[in-house]
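Take a look at this single chain, the form predicted on its own, given in structure tokens.
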């Protein structure tokens, strides 16, 4: 460990003893993997710290990573986080690939739940209704391949059966659900995107999904989840949607803001977004946090100038700004969940968007995030 790293660790450990000391360094330093400092402990008085986990982590079966790497990923989840969400295994395409009650594949989702419960982690479910990663048969009459579209009544019944089956199976175990995902239109005047759900059922499909989820588990917290809420126009649409849902008496109980960002994100932008979201008077969850250290594009974009060291510094600065905003608004935020354990397993791997590299080693951004808990 380098001297600067030892100093940073020492100061943070003193902080846990009751008095925060301030140390100014030229740039944040990465902490060792075996450090006693864990995100879940540092932010325990602010919000939960979650992470999206893949099937290799929940089953222990390596896929695209060696068994040794998977075990390190598992250890990192246990060390740093206190809440988990499945990255893919509860999306309709994987959990219900074929029509009817016999068409469910619950094995991977069951493994996720067992992993979480056995490790005393809070569980969130993702996602029940989405326009993407939903099999074509869901929207077809009689589930016939290449057939005509289902009727409103047929699709509503499929939605109800799916939600009741999935939420009902994990009732009392999964306490929070992303009920409807990414229903908002990105551009133009429309509030909702032109998805098959909206085109077949109509705009009330969102309210119906929340009604069905509440029927299946009256005690579960039901979230609406979307991306791009750092954008004022997207937030305007979200606020209109939530107002409409409340008018329909739909049991929407929380807002999920994905926060898939790039290094251009600022404290001011997130501060304003959270200030606006709080006016909805619903708990806020940061559900899919990552920050691409390259410029532009959801999955990474072009390489940022200055090489790896400069990219690490920009990433650390961006994360510090985000977490300063999260800490400022912590009374309204229930959880902050990273979308992936490390860069190697991230859907935005080219952008190196997380706090840990592909070897599960903390990056300078980790130290920058830790320091925000002290108000730095």
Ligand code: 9MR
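Residue numbers count along the first chain shown, from 1. Here the structure is a predicted model, which means the values were calculated and not measured.
A second form of this protein, the form predicted together with this ligand, is not displayed here; the remarks below concern that form.
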State yes only if every one of 126, 181 and 260 has a non-hydrogen atom within 4.5 Å of this ligand in the predicted complex; otherwise state no. yes
According to a 4.5 angstroms non-hydrogen atom cut-off, is residue 130 in contact with this ligand in the predicted complex? yes
Can residue 323 be called a contact residue for this ligand in the predicted complex at 4.5 Å between heavy atoms? no
Please tell me whether any heavy atom belonging to residue 88 falls inside 4.5 Å of a heavy atom of this ligand, as the geometry stands in the predicted complex. yes
Classify residue 339 as contacting or not contacting this ligand in the predicted complex by the rule of any non-hydrogen atom within 4.5 angstroms, answering yes or no. yes
Among 146-154, 112-120, 163-171, 181-189, which stretch has residues with heavy atoms no more than 4.5 Å from this ligand in the predicted complex? 181-189
